[in-house]
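First, one chain by itself in structure tokens, the form predicted alone.
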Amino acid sequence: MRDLKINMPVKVSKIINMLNSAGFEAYAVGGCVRDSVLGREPNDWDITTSAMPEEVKAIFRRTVDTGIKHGTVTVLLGDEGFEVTTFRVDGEYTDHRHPEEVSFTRELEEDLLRRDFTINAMAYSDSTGLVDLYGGINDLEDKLIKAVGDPDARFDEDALRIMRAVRFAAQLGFDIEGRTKEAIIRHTEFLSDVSAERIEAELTKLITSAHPEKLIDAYELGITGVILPEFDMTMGVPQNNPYHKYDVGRHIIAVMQNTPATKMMRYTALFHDISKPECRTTDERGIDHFKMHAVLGADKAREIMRRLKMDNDTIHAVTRLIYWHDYGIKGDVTKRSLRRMMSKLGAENFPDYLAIRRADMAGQSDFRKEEKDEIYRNIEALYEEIIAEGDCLTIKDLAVNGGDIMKLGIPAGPKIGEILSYLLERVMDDPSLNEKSDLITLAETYEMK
């Protein structure tokens, strides 16, 4: 126990005080205590108590049985809900994920022992202060992720804790303690028992953290070999090319470090060169080339994200950016070609393309840096001109619509779309043609072919 004061929300204090007044122990527990000690704002507040679920329900007027089988009752105060969970001991784990049964206990020590890491096994109340039975404060001070008790037992119980260890290390900038690392290595195979959705959720938190380079830890511990073998294949693959200074895998890490910390951008960075290993060729001078890696990478990224059960919007956005991420690197961009690229990519997504280009360049060598910077600035300037001039980039931007084309005597159907697509192509070549009279004339000419 430590003499430490945590400022809990008023409603959390009220729930704890009401449980105490009824003769029960009650504490804030887990991540909210950890974050408070670190000076971070907790996302939510979990409460643990010696009161049995039915006893909790008897104390509070409004409750919801959100997980009563596992001892959890949600207490409603005003328009907010707070999970209150009875001290418990988990039964046997047979699937490396969930206990077959749980039993309730009146002992806080037993409840804290079942938790994953020491930094998450601390409890707090104003009356008792900080309860730290397993060295969580010391591990916070030493910046360590350490399993509670026997690390082999913790990971054998729940293999998802393997992902959580690396994720917490990434979010907090911590290292994983030695014995905990060794136990992870012995248990990575059990990650195959964890659902794809849970793996994706932890992977997303890891790569969108302040330390996406911790993915290297996941590689060295054998984690990505189970959940993301495609990344393992990039590690150690050389890029014998003056434009590069890292192997493919470490280049990917460098790009992630220089990419905005959003789900879409970090997954784009993670997968943008994922197909380089199979695209690698070496010319007679010993220079490596990776032709078609962007196109094939988009396809491979789609397969991986579907395997991880990711949402379709993210899959579409990421694969689209991967496909276009190398656009213009040779400096052959014109306003005409850029309008076409923006039309396919979506003008609203172009800033994302610029961001991935900047990050990609940051992960390369300084070879011809001034030239690369100039190419980038030229693309950015052309984009700004196109936006400022309001150039037509989509069919809806045309000065005519399907109804106008039908008035030419063309019946509704695929032919209308074909003509509008043709008009868009002409207008992207020459924006001055985006006048209704000119487009009608072009449509009539096209129909006569």
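Each residue number is its position in the shown sequence, starting from 1. Computed from a predicted model, the values in this text were never measured in an experiment.
The form predicted in complex with a small molecule is left out here; the points below concern that form.
J.: Since the chain is shown here on its own, which stretch among 24-32, 416-424, 376-384, 398-406 would lie within 4.5 Å of the small molecule in the model of the complex, judged by heavy atoms?
T.: Careful reading of the contacts points to 24-32.
J.: Go through K146, H325, R167, H251 and name the one with a heavy atom inside 4.5 Å of the small molecule in the model of the complex.
T.: Going through each option in turn, the one that passes is R167.
J.: Just give me the single entry in R339, K214, R114, H293 that has a non-hydrogen atom within 4.5 angstroms of the small molecule in the model of the complex.
T.: Checked against the cut-off, the match is R114.
J.: Can any non-hydrogen atom of D46 be found within 4.5 angstroms of the small molecule in the model of the complex?
T.: Yes, contact at 4.5 Å.
J.: With the partner left out of view, is K276 within 4.5 angstroms of the small molecule in the model of the complex by any non-hydrogen atom?
T.: K276 lies outside the contact set for the small molecule.
J.: Taking heavy atoms only, is S209 within 4.5 angstroms of the small molecule in the model of the complex?
T.: S209: no, not in contact with the small molecule in the model of the complex.
J.: When the contact criterion is heavy atoms within 4.5 Å, does K205 count as touching the small molecule in the model of the complex?
T.: It does: once the small molecule is placed as it appears in the model of the complex, K205 has a heavy atom within 4.5 Å of it.
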